[in-house]
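Just one chain follows, in the form predicted on its own, and it is written as structure tokens.
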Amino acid sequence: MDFTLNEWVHMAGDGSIAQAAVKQQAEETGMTEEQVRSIMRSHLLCMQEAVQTGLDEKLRSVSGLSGGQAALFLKRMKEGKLLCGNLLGKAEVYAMATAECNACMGKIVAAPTAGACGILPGAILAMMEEKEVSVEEAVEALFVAAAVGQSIATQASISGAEGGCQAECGSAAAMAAAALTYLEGGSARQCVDAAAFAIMNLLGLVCDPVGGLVEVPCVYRNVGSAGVAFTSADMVLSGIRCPIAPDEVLLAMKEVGDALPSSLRETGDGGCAACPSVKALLKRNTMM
């Protein structure tokens, strides 16, 4: 499959991007539509299991930089103290839990990458728990997200080494924004508008992993990007149209990614990775 966002909207017609994506995947693989949906259900289950792994308060990564933080986040949420409320709060907690699961070598769904693995699951699972979204509705939303991710991958990039973290967390936020819009009854056009808003808000985000590890600042960016997904969906669901053609936003994303210096494209040479305090932290943890 190699379609632009506008082509996905056209293929959806009076239906949904989810239906178009399932049909296209079935035709491409030779599987039945039910087999295609079954695979996506298994991905959803993996997402749920990753969250549970990441919420373990005893979880720690080899570097010592990650693990146990999602549990602290969850504790504050259970106390009713999160400023953003339960829906977004739960999405953020689950996004961090999934990212920490990844950092600690747990099994995750790369959505679309390991570095951005928490954003889409956080959004979908929070909707399932707080808005009573069914498993089948969640699966449909994941197909919407997948279609958006495919368009980004083919027109821009989902690689931090190629396009910075806008290509990872930015892409994941766009996928989640489209999925959330779908779950709230948004049209195919609104789904891609939401994706474009998410990209616009994270355009230029650099990839600067401390110590070359997918932990700092990656784990925390998963949390923040989940918030971008929700605000992007809320804008379009309020009737706000993206003033720029969504596919043009993706082309702008590619242009910006190409312009980033190599020090800000996953090399660990610039940005947060170059801060003296994190270098000292890495040295201290290595000596422990």
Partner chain sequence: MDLFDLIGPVMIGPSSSHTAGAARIGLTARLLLNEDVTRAEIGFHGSFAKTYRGHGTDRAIVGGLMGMQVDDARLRDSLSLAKESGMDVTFDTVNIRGAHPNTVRLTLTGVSGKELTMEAASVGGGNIEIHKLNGLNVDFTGKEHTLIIHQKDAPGVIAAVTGALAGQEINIANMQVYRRKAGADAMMVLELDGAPEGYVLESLRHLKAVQNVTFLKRRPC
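Positions refer to the first chain, counted from 1. Just so it is clear, the model here is predicted, and its values are computed rather than measured.
The protein also exists as the form predicted in complex with the partner chain; that form is not presented, and the subsequent description refers to it.
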Among Leu251, Ala245, Ala259, Cys46, which has any heavy atom within 4.5 Å of the partner chain in the model of the complex?
-> Cys46
Students should find that, of Ala123, Ala167, Met175, Ala97, the residue having a non-hydrogen atom no more than 4.5 angstroms from the partner chain in the model of the complex is Met175
Pick from 70 to 78, 142 to 150, 125 to 133, 89 to 97: which stretch has non-hydrogen atoms within 4.5 Å of the partner chain in the model of the complex?
-> 142 to 150
Within 4.5 Å of the partner chain in the model of the complex, do Thr29, Val109 and Gly211 each have at least one heavy atom?
-> yes
Does Asn102 reach the partner chain in the model of the complex, with heavy atoms at most 4.5 Å apart?
-> yes
According to a 4.5 angstroms non-hydrogen atom cut-off, is Ala114 in contact with the partner chain in the model of the complex?
-> yes
Report whether the minimum heavy atom distance between Ile158 and the partner chain in the model of the complex is within 4.5 Å.
-> yes
Answer yes if any heavy atom of Ile240 is within 4.5 Å of a heavy atom of the partner chain in the model of the complex; otherwise answer no.
-> no
Which of the residues spanning 240 to 255 lie within 4.5 Å of the partner chain in the model of the complex, based on heavy atoms?
-> none
